[in-house]
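So this first bit is one chain, no partners, the form predicted on its own, shown in structure tokens.
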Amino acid sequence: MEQVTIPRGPAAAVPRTGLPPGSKAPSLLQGLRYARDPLGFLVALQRRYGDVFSLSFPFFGRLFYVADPALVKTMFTGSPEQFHAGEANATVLGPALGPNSVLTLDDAAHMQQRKLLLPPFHGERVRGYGELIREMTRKQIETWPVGEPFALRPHTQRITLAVIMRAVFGVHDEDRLARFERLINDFSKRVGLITTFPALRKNFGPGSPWPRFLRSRAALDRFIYEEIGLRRAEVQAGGEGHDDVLSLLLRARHDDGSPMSDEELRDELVTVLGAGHETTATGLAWAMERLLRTPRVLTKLRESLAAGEDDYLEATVKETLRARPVIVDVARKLTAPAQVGGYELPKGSFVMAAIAALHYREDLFPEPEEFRPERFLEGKADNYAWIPFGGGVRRCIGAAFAEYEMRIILKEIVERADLSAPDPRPEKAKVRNITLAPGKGTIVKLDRPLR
């Protein structure tokens, strides 16, 4: 199993005066260190400097991190008017998601959008997509070559994208699905540089990243607005069977009785698209990467599924998201000075919950480098210690859907495909857009025809 680079020994005690301690290295050097070891980077800083620390990062200046459940709770349950998540997210995601996204809004506007988006992603609505998820998974597994190494992550992404296109957008026509997939893939490639390097958001010529991004975004938007128009006409005509998220949102109403505008719908749909397929696909790739390098866990998972039990499957998903969080931190921007961990942080500061550092704290998760789903059967993790989906009123709306989807897809893969890892060495984490993905995409080999 991969051992992240972590200095041993207790963190140095620091006085609660001035700003939090942290690395004095130049921001570019910090960025290079993060790129080299994105999983161990924050873990190492927490173990060296303590539960509140700071660092400089390229383009973003000084960031202040908290890596203690009590402090994360303070951050997540603090006044939303003071701890702005939308403003922080917009710094990175604004150009892609737009101004009406639940991720880029704050205060009353955020709560209004969240209220409209919650119903399609909870309870019976989520479980209603189970058969679709199974069908898309089985269809994709049938394309896997036998006896030849291949990267699993692109295949899990095709599954989650197919689910999103049908369950969220309601697209079923094969020609439109093919066009939609091309547009999404091109957009995903263009958005990476723009979110990672805001300095590139300038026109350096027709072939430079920003104009290419704008053209790709415009092409995807045209398609989405077409779908909004088509679905609205179907809903208004009283057609039955429209249980996709877009159709549900077209029926939703604000407190004043007004429907969502096309611009609101576009931004929320792109938000679900961006947050709902690549992240889940990456989590699934990590699950198989960990399982294939922890045979004991894979064997126990297969035995539990054969016995008709789901508890160990659920624990495996949770342990995957602990050991390999797809997102390593989550941000708030202070609209006023705030006391955090005894430090006075100035207005305009970015306060970050260090997800990766929390998930590797030995006092919270003993032997954190070990992939051990049993820890989630032995007791419930603290709400502010296991936070792959963030928390508080900003917790990911699609969290329940993502975990449900991961359980179904992982179950299908484990039961139907005998996979092995040609290289027994763990795959290192690699930064992909704003996520951490297996460096080689989880290279696997299907050892025999499907069961």
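Numbering starts at 1 and runs along the sequence shown. Please read all numbers here as calculations on a predicted model, not as lab measurements.
Another form, the form predicted together with a small molecule, is not on view; read the next lines as being about it.
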Exercise for the section: State yes or no: in the predicted complex, is some non-hydrogen atom of G390 no more than 4.5 angstroms from a non-hydrogen atom of the small molecule? Expected result: yes
Practice task
Decide whether R293 counts as a contact residue for the small molecule in the predicted complex under a heavy atom distance cut-off of 4.5 Å.
Solution key: no
Practice task
Give a yes/no on whether V340 approaches the small molecule to within 4.5 Å in the predicted complex, heavy atoms considered.
Solution key: no
Practice task
Although the small molecule is absent from this view, report whether F169 comes within 4.5 Å of it in the predicted complex, heavy atoms only.
Solution key: no
Practice task
Heavy atoms, 4.5 Å, the small molecule in the predicted complex: which of 56-64, 398-406, 25-33, 422-430 makes the cut? Say which one.
Solution key: 398-406
Exercise for the section: Indicate whether the candidate residues V102, I164 and V326 are all in contact with the small molecule in the predicted complex, with contact defined as any heavy atom within 4.5 Å. Expected result: yes
Practice task
Report the residue, out of F76, F365, F376, F187, that has at least one non-hydrogen atom within 4.5 angstroms of the small molecule in the predicted complex.
Solution key: F76
Handout entry: Residue (of S216, T195, Q157, T271) lying close to the small molecule in the predicted complex, criterion heavy atoms within 4.5 Å
Key = T271
